[in-house]
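In structure tokens, one chain follows: the form predicted alone.
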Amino acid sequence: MKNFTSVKDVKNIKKLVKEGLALKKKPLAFKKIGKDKTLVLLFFNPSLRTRLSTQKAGMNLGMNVIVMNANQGWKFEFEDGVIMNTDKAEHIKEAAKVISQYADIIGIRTFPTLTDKERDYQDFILNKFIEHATVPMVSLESAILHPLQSLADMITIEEQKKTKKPKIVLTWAPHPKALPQAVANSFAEWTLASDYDLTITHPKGYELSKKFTKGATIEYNQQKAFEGADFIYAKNWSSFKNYGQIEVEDANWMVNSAKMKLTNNGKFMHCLPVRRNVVVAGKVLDSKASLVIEQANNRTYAAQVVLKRLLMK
């Protein structure tokens, strides 16, 4: 593993998941491998779980961890050949190389514009860092994918599944603002690569890129999709076709107890943060079926297994 930006960087998902579960049992077993190594985490957008869990993961491996809110410093220029006479003070060509001198591994979190589809789906900022950095890069969420979240989700499903190939449903849910497709894209990509049975349900107009959903069943009837499901993963995303737009505002798509009763005693998943009684009913979140807290816990071991692999490469 040279970098960690998507499921394509992983040769064997099941092996990586099992390794993550082993670290969960003995999180300090590899405390020495990070001695005198530095992890630099750059956040261009807010974070709670990603920030804290990745810091904890680095510390569990004995690493020094430096965290920077990149949007609070001066602005970076990412375009080549530009005349830098505006508000951007430092070019990525220098910045990535300088940061690489301070770090053994760099993690970066960026969000999409939700206005420039072509630029976002090139993962422009992440790939500019990869182009100019001289140390391994870890995506802490990019414009189009959130691989650390998805790895944590696969760890959670492996812990909780009762059958070898559970039925998993990714459902669109309402939200008051337009959100990226990153978590949904990534969850679909990892779930399908893990050879699970995936159904994606959403109102018409919210189809995700086929690049990430090929092999999934698309169902526009949410209740039908829920029938017999072992896991329900709720997430809002904005339109991919009419990029970044809110196509439908339908509160009826909220996940509630009645819908969960259609499942096969299914478990509820969400990446957090979640808006109670908008995305999902509070009763579902507070029920024994909810895995959201354990998912968040598993974020540490997802990050830790990735860092461990990069340190030992």
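As the structure is a computational prediction, the values presented were derived from the model and not from experiment. From 1 onward, residues are counted along the sequence shown.
Unshown form predicted in complex with ligand SN0; subsequent notes refer to it.
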property	result
Stretch from 163-171, 89-97, 139-147, 197-205 whose residues place a heavy atom within 4.5 Å of ligand SN0 in the predicted bound form	139-147
Residue (of R275, K37, K56, K283) lying close to ligand SN0 in the predicted bound form, criterion heavy atoms within 4.5 Å	R275
Listed residue (V183, A133, A103, L126) with a non-hydrogen atom within 4.5 angstroms of ligand SN0 in the predicted bound form	V183
Contact label in the predicted bound form: C271 to ligand SN0, heavy atom within 4.5 Å	yes
Residue contact check: K214 to ligand SN0 in the predicted bound form, 4.5 Å heavy atom	no
Contact test in the predicted bound form: A193 vs ligand SN0, heavy atoms, 4.5 Å	no
4.5 angstroms heavy atom contact with ligand SN0 in the predicted bound form for F78	no
Interface residues of 167-195 toward ligand SN0, as seen in the predicted bound form [heavy atoms, 4.5 Å]	H175, K177, L179, P180, V183
